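Just the one chain here, laid out as structure tokens, in the form predicted alone.
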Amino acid sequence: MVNGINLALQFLDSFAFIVLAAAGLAIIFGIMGVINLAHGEFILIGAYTSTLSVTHLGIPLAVAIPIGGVVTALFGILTERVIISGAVPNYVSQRTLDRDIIEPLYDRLADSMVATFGLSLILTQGTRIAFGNSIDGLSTPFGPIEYGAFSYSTYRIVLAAVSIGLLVATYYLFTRTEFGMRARATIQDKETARAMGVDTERMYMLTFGIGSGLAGLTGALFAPVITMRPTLGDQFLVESFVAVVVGGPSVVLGTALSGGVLGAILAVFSNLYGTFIGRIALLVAALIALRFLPDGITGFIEQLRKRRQESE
């Protein structure tokens, strides 16, 4: 019984980790066609912001966590304006050189990878220079759940609940609001959306800000349970990209399904063979998905739906 409980809790932990890590990346890639290799460093910003807010400013953790998300969202908007869209450099160059000097990185996968990889190196080394190789961490709130000899962190269960709430909120934002309608119109046909009056540049800016904010929120939420070092974002990167690949084009449904499937794989293999083998199992799952489900789980579901409609 204890082993079953432990496996179930480990699944919830893995599900929360994958969903929270991948949500922001999935939004940015799904809507903007930008592969953000600095995603781990955006998580780093949220983690460091919330931790330093608690340890240096005395702000309660419950307040510091959303602060981490907001600060990262603002940094994401700045990044989008300066690097991804080039709006700020182009504004300056138009008034000095009478021409643009940067072409937007939307739907330019290779170029966006190079640009954001450079940003990730700058952020990692900048953090190391500013704060050293580590900073004081936070204690885990709530304490453990104990059942005889069995003990498990209550906070990790809270993270699982937060991940589900985040999925629901993201689904509502992109399916039940005017912003979501405009975002989906931009995804389907950018030129037509612009002709219909949608400010696609503003949509891209806000989308990158939301995705960045979710990454920062992830870092802030996990700050009490991870070691605070400049390379902490690396431990989120593999799971993030694997989840996006396996999930497919649907941002919310893809993240939820990939979180469930990959969470189960990670929990089972980590429980039986250790964390390293669990991560290897995730990569194997990604390779299998790329081979047999090139459009991901949600892409496969959409193909089945279309075939069913054609046969009726």
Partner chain sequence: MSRPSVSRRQFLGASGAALVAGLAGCSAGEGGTSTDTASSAETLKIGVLEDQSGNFALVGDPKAKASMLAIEEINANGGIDGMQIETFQRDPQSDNQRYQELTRTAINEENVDALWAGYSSATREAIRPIIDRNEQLYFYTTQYEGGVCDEFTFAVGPTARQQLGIVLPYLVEEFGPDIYTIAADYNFGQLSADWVKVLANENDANVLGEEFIPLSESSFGSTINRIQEADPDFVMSMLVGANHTSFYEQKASAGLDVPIGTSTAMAQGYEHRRLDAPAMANIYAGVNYMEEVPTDSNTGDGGFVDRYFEKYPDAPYLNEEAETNYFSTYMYKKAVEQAGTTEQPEVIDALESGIELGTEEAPEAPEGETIRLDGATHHVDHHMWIMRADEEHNVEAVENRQIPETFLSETAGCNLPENPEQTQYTPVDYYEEAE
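Quantities reported herein were computed from a predicted structural model and do not represent experimental measurements. Positions refer to the first chain, counted from 1. Note that the rigid core is defined as the largest set of C-alphas that superpose within 1.5 Å between two forms.
If you look for the form predicted in complex with the partner chain, you will not find it shown, but the lines that follow are about it.
Report the stretch among 193-201, 211-219, 121-129, 74-82 that approaches the partner chain in the model of the complex to within 4.5 Å, counting heavy atoms only.
-> Looking at the other structure, the answer is 121-129.
Does every residue of G24, S53 and P89 put a non-hydrogen atom within 4.5 angstroms of the partner chain in the model of the complex?
-> Verified in the model of the complex; spot residues all out of contact, no.
According to a 4.5 angstroms non-hydrogen atom cut-off, is S93 in contact with the partner chain in the model of the complex?
-> Because no heavy atom of S93 falls inside 4.5 Å of the partner chain in the model of the complex, the answer is no.
Closest heavy atom of G165 to the partner chain in the model of the complex, within 4.5 Å or not?
-> Judged by the heavy-atom cut-off of 4.5 Å, G165 is well away from the partner chain in the model of the complex.
Is there any non-hydrogen atom of T177 lying within 4.5 Å of the partner chain in the model of the complex?
-> No, T177 is distant from the partner.
Residue contact check: G248 to the partner chain in the model of the complex, 4.5 Å heavy atom = Residue-level check for G248: yes, a contact with the partner chain.
For the heavy atom contacts within 4.5 Å of the partner chain in the model of the complex, list the residues of 274-303 involved, in sequence order.
-> Sequence-ordered list: G274, T275, F276, R279, L290, L293, P294, D295, G296, E302.
Superposing on the rigid core, does the Cα of Y48 end up 2 Å or more away between this form and the one not shown?
-> Shift of 2 Å or more: no.
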